[in-house]
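Let's start with one chain on its own, the form predicted on its own, as structure tokens.
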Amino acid sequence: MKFDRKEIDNATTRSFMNRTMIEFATPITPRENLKRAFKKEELWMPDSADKGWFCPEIIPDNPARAFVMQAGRYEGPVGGNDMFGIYWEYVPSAHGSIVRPGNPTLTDVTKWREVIKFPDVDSWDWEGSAELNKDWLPAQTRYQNVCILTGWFERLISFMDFGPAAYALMNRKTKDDVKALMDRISDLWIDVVDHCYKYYGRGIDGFTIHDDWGAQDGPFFHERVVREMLVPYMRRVTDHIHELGYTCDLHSCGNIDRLVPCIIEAGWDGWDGMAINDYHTLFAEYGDKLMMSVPASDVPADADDETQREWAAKYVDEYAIRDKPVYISHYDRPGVEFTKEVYRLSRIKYCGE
């Protein structure tokens, strides 16, 4: 499938994350190309916008977190109780929700078995959701990832508030209880994954689970904490997802360069990180083991069209490598000409013209 200039000439545009994205007249769908990318057989460099998030209303966290994405337009409430009955307050300026700190559900992590009530996943209206989305999901041209918005450490934060959660994770007196809780959370995600497999089947392509591990100046915790307290429990879930034939991405914010080996050890296929990470080094060292969302942070913000094309050539030269697939991050995207040129050059590099 050699490159044809009509793929760019016949392109249209759409809005994504408050940015103008280009819909190229591609020879296969972006969804199919991203499937190929996980096999290192892509026809062009995938874009982060090629991933569609499927967040069905029936999973209580999605309306609570104001993140419902499914067939039709969601008109229901945002904010409210999540699957554990914990209240999330919607913040309009952030377009998202947060548990208001200061009144945590769990104050002593050793008591979680008595305090935390795990949800009955069977009770959610899976059949109704499957019926609602049965035609919509297969028709999507973007890779459909089911989002699990509150992973392991983030779930602990929602129970305890940030400071106590971080302390519990690193306190040798409580870590056995935390490990038991993390294992139980993995049971829950496996249950959710199995229900998605049963009711959505091949209408979905994979899963994205959110678990932020860092701030702007570095990780929240040391690698050895992650390896002991998080990696084994994540690995149970990623292994199960792979057994069902799906892929799994970790969305984890923060400057977490030194935790990338832990992400790989936990079995993730891809990592959606922030632009503050050193992707030049990370890609060179780990690009064959983990599909990363790589921003174009080096491109000047005021770059004119010609400069954008010059930087696109550098980007493709560094990152368009067949056995090290990446997708273009939605962070720090410099402009339309950059996107067009990355598409054109990566198509030619992979397939010729």
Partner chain sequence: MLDFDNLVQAMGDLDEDTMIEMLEDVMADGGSEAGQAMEACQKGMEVVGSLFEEGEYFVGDLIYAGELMTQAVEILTPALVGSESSGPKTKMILCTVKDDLHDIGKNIVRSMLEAAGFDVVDLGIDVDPEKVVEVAKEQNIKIVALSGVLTLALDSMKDTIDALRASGWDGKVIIGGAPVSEEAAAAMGADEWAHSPQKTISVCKEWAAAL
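Numbering follows the first chain given and starts at 1. Treat the numbers as computed from the prediction; the structure is a model and nothing was measured.
Note that the form predicted together with the partner chain isn't included here; everything after this is about it.
- Proximity to the partner chain in the model of the complex, taken as heavy atoms within 4.5 Å, picks out 157 to 165 from the listed stretches 178 to 186, 244 to 252, 157 to 165, 121 to 129.
- Under a 4.5 angstroms non-hydrogen atom cutoff, the partner chain in the model of the complex lacks residue 115 among its neighbouring residues.
- Contact annotation for residue 73: none of its heavy atoms lies within 4.5 Å of the partner chain in the model of the complex.
- The closest non-hydrogen atom of residue 151 lies beyond 4.5 Å of the partner chain in the model of the complex.
- Among residues of the shown chain, residue 98 is one whose heavy atoms approach the partner chain to within 4.5 Å in the model of the complex.
- Checking 275, 170, 264, 190 for any heavy atom within 4.5 Å of the partner chain in the model of the complex turns up a single hit: 170.
- Proximity to the partner chain in the model of the complex, defined as a heavy atom within 4.5 Å, singles out one entry of 111, 198, 202, 222, which is 222.
- Looking at 82 to 118, the residues that come within 4.5 Å of the partner chain in the model of the complex, counting any heavy atom, are 89, 91, 93, 94, 98, 100, 101.
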